[in-house]
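Form predicted on its own, single chain, as structure tokens, below.
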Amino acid sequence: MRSTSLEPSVAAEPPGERFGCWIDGAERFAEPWMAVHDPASEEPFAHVPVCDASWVHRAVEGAAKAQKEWKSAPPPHRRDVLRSLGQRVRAYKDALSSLLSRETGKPLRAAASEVDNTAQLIDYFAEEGYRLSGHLPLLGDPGRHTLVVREPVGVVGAVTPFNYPLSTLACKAIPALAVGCAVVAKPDEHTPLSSLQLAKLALEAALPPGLFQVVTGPGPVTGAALVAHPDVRCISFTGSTEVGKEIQRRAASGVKRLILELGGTCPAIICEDADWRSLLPHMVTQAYKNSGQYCYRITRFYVARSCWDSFLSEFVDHVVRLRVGHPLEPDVDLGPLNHPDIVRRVAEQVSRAQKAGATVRQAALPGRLKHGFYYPPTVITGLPAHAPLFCEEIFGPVTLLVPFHDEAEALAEANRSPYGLAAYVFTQDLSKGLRLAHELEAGTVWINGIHQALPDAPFGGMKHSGLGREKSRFGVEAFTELKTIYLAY
């Protein structure tokens, strides 16, 4: 089970810094070792253990033991411990940002923004878990009450991606911990270091040893063992739809609860009355942020024919001016992609578009970038209708632009994708915007605005984009079981 096809390099005696996995409140070292590469230099700079099934079993066993006591802890205590973790994340912001930038390849200021967001998410989920409530129906039956209560689901397996390893982990681990669960996290094999540091900070914040474990290794070894373990009651996964389906198959034998936040190829509909010029910089940012490596970025732009020529010209002008460079360089917009398999896949997708007759416009990469997994910001137009690429997730700095004659056509094309994670509508006609939002097959729709998904609103997808929701009280409740108690007195 894996989020990519890249085989990690394994060494018995690795050079450089070693990071152990975190089990039962201590750093544990095991062999073989797996290299973590710097996407900007392509060089290995750290090594972590490849945790096999025996190490995963040890982690789950320790988590189950710790969870028995944690679930009985008063909710104010759990809240205060998690808030203390948020404070430590803020205190270690600089170190976490540097580590996150190096393992992901994102610019340093973007890494710092992720650390800030992680601390905010921790604070939010700590408070939301404290507000969790049950239900007492007023049935009017003398001598009887019916209590509907919520209990923690148990040990949660949190499997996280490489693109936002820290904030995605916070969306899984913190709500689970807030309601009384224990967590065993399996970060992506390319970006495990920030997750390991979060486990260390959790221990400093007085989270009981064993309650938050982190095991490292590739999906087919470590991830598969975590999903298959009988004492893991819930799997929360963010990653590709292909791997999500494999998790669903493997989890079925254990009837495990699943929260799957999967792929996306998100459309934006630019109506002829849209105030698109004032929003264009934000559209470009949403399409190319993190070098296009995130699930709810805008991939497909459907543009009204009446403004097509102007929109295309100005859009391309903005894209080619995006600054690509080393993550530590000041004022860099885009860093490298995370690993070579991503570069190869994106290059292959663009090549197929060219062979199909599409026009490809690309920014020039700076000549100083001799090493690193860089890919130029790219705009594709003229792709034939019903080309497979319209229905594929493109996890890189590439967008598809298409003109349309009427909104029904744009809506049909937007919904033709098997994915349904997010969508965007731009129009000055509010009734039109709401109508299109209701008809778009997506879990989240933005109308005339682009911003980060808010913690107090549910986030997740339809169709092949996943199951369940993260964030908000709904995302917190996902880690609980409902229990009905009939009481006679």
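Residue positions are given as counts along the sequence shown, with the first one as 1. Model, not experiment: these values are computed from the prediction.
There is another form of the same protein, the form predicted together with nicotinamide-adenine-dinucleotide (NAD); it is not shown, and what comes next is about it.
Checking Phe315, Phe125, Phe395, Trp276 for any heavy atom within 4.5 Å of nicotinamide-adenine-dinucleotide (NAD) in the predicted bound form turns up a single hit: Phe395. The contact with nicotinamide-adenine-dinucleotide (NAD) in the predicted bound form, taken as any heavy atom within 4.5 Å, belongs to Leu262 out of Leu262, Ile259, Ile269, Val115. Contact with nicotinamide-adenine-dinucleotide (NAD) in the predicted bound form, defined as a heavy atom within 4.5 Å, is made by none of Ala46, Asp333 and Tyr375. Using a 4.5 Å cutoff between non-hydrogen atoms, Pro218 counts as a contact of nicotinamide-adenine-dinucleotide (NAD) in the predicted bound form. Taking the partner from elsewhere, Phe162 is found to have a heavy atom lying within 4.5 Å of nicotinamide-adenine-dinucleotide (NAD) in the predicted bound form. Taking non-hydrogen atoms only, Val402 never approaches nicotinamide-adenine-dinucleotide (NAD) to within 4.5 angstroms in the predicted bound form.
Trp446 falls outside the set of residues with a heavy atom inside 4.5 Å of nicotinamide-adenine-dinucleotide (NAD) in the predicted bound form. Just one listed stretch, out of 347-355, 186-194, 320-328, 377-385, contacts nicotinamide-adenine-dinucleotide (NAD) in the predicted bound form at the 4.5 Å heavy atom level, and that stretch is 186-194. Of the residues in 224-240, those that come within 4.5 Å of nicotinamide-adenine-dinucleotide (NAD) in the predicted bound form through at least one heavy atom are, in sequence order, Ala224, Val227, Phe237, Thr238, Gly239, Ser240.
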